[in-house]
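Next up: just one chain, as structure tokens, the form predicted alone.
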């Protein structure tokens, strides 16, 4: 049996052994959350030839604000099956953080597998108002600033500091949507030039429509396995050799929006610089944020994608951005390229909060 790469953190090596996601669409009125999750969880288990009886731990990511009712994750457990009882947990944020919790849980050694899933239907509410609730409740939230306006402030800061141009934003969007043409689960995919995109009107200056993520209904799931169990389930597991997440201050005025120190610190702890990065999946919902994240990760900043590291070959969140599942999808997309043998070392990133406030970085490697 091959040996797993030595993890930088933890006592046990843990790997992603299966990944599945629902088709990302603008509005899914035919399915509730359970019906959205059922085929995804069925696929992630079916890839391995196992059943729910083989799951040692379950962790999910979702938001009650989006669903409009308390404890929505409890109802979603019907997609897994609530009997016989399983050890289960939940995080009220993107499921990438549920994966982190599951990774920690597997370090205990009493279970060898964990199912992680996330789901969100952005079509159900007003995201501008919903996401304003995560802002500082005394100064910012009462003003109800929407995510696009905040991202526009970040983009303006990049322009004013000479760190990017509006063409750079368009190049990122053009490359991402072009890459999405090869992704059957993508919501927005096209082949348009940066010049064409620059002809669009502003939504909130300096951001045009192409620099914004689509509103998405979607879900995703991954299966984690520890130690030898990973090799029993998967011929080429995607081993998590490093993972970390950091958060910055709640006060937007106290942050330099042209940089992401939380991403840089998480990348340092996860060991991004310890080897070449063949693929990076960045959870950059707005095109300018990709440039910020590349700098923070120590990767070349090339909006056209001509560098040695392939950035968001799935299309990234500019192609589909399912709330509460987008970060987990970045990890799953990166891991899938190791599992199918295309690459050997990848980096996945997830973000939560306004304008890259909290960031998670994971390094995955093949045996």
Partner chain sequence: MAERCAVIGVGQTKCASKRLDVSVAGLVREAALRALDDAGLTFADIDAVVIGKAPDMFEGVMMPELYLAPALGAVGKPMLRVHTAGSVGGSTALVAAHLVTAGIHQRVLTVAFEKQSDSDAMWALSVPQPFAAPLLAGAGGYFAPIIRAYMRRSGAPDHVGMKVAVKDRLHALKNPYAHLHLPDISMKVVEDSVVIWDPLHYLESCPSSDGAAAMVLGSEQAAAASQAATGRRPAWVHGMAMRSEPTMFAGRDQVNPQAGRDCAADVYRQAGVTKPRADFDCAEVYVPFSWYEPMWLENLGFCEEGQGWRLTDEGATSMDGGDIPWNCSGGVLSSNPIGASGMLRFLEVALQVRGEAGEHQVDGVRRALGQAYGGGSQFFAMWVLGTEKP
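Remember, predicted model here, so these are calculated numbers, not experimental data. Residue numbers count along the first chain shown, from 1.
Below: the form predicted in complex with its partner chain, not depicted.
Chemist: With the cut-off set at 4.5 Å between non-hydrogen atoms, does residue 234 touch its partner chain in the predicted complex?
Modeler: Looking in the predicted complex, residue contacts with its partner chain do not include residue 234, since no heavy atom lies within 4.5 Å.
Chemist: Is residue 310 close enough to touch its partner chain in the predicted complex, meaning at least one heavy atom pair within 4.5 Å?
Modeler: Residue 310 lies outside the contact set for its partner chain.
Chemist: Quick one: is residue 291 in contact with its partner chain in the predicted complex, heavy atoms, 4.5 Å cut-off?
Modeler: No, residue 291 sits far enough from its partner chain in the predicted complex that none of its heavy atoms falls within 4.5 Å.
Chemist: Can residue 100 be called a contact residue for its partner chain in the predicted complex at 4.5 Å between heavy atoms?
Modeler: It does: once its partner chain is placed as it appears in the predicted complex, residue 100 has a heavy atom within 4.5 Å of it.
Chemist: Only one of 87, 123, 273, 193 gets a heavy atom within 4.5 Å of its partner chain in the predicted complex. Which one?
Modeler: Of the candidates 87, 123, 273, 193, 87 is the one lying within 4.5 Å of its partner chain in the predicted complex.
Chemist: So which of 92, 228, 268, 200 reaches within 4.5 angstroms of its partner chain in the predicted complex, heavy atom to heavy atom?
Modeler: So the residue touching its partner chain in the predicted complex, by this definition, is 92.
Chemist: Among 291 to 299, 156 to 164, 202 to 210, 135 to 143, mark the stretch whose residues have heavy atoms within 4.5 Å of its partner chain in the predicted complex.
Modeler: Of the options given, it is 135 to 143.
Chemist: Can you tell me which bits of 33 to 64 touch its partner chain in the predicted complex, meaning any heavy atom within 4.5 Å?
Modeler: Residues within 4.5 Å: 63, 64.
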